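Quick heads-up: it's one chain on its own, the form predicted alone, in structure tokens.
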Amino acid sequence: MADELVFYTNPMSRGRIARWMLEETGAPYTTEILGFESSMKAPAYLAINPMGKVPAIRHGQTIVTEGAAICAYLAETFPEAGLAPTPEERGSYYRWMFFAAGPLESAATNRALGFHTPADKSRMAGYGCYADVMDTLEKAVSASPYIAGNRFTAADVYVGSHVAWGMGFGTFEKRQAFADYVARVTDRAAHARASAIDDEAASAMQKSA
């Protein structure tokens, strides 16, 4: 059908963010699970995402890649789910979603790779230094119950996923404010459904490997 929604993912990837977002919308979708070194690098998928990475979605003739963009797109495309920001929430919503996509992920990735920005070079890095990023994140998740205000939005799917993963994999400091925020945003039926789907898919892939 013209508006068919197809989700390209791997259950052991950032695709879990998009899965959670899809489950939050309640919109019907089909899933194509790709292998990192096989179908993800095949010409058919490279036509969808030339980066050869997941997640990606195809909605009719529209293709969206990158987790933050997928979350924002789905929130706007399915407004009945109530995940897009109100005018009052819009500033914080976009501010912290893109903070997570940029400075937060960059700082966490560099830390995981053992790279530390020299103090005299911090202005060259978009995120400055890891400590500043962690302090800024703590203030953001402590200012209100949810990242954009008093209600859950798509920005919480994206930011919450990063915080949960960072704490789980040790790339974020384990601060109480982070743990409290993750507990708030993941206590949702859609998160439980998405996790169960991806956990089952990951188990099946591991057994067949």
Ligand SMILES: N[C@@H](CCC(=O)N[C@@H](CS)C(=O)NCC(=O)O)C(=O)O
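One-based numbering along the sequence shown. Since the model is a prediction, treat every value here as computed from it, not as a measurement.
Below, we refer to the form predicted in complex with this ligand, which is not included among the displayed structures.
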(message) Counting only non-hydrogen atoms and a 4.5 Å threshold, tell me whether 164, 168 and 180 all contact this ligand in the model of the complex.
(response) no
(message) Would you classify residue 191 as touching this ligand in the model of the complex, given a 4.5 Å non-hydrogen atom cut-off?
(response) no
(message) Can you work out whether residue 32 and this ligand are in contact in the model of the complex, taking contact to mean some heavy atom pair no more than 4.5 Å apart?
(response) no
(request) Mark residue 66 yes when one of its heavy atoms lies within 4.5 Å of a heavy atom of this ligand in the model of the complex, and no otherwise. (result) yes
(message) Whether residue 25 contacts this ligand in the model of the complex should be assessed with a 4.5 Å heavy atom distance threshold; does it?
(response) no
(message) I need the one stretch from 149-157, 47-55, 136-144, 170-178 whose residues put non-hydrogen atoms within 4.5 angstroms of this ligand in the model of the complex.
(response) 47-55
(request) Enumerate the residues of 28-48 that have a non-hydrogen atom within 4.5 Å of this ligand in the model of the complex, in sequence order, or give none. (result) 36, 40, 41
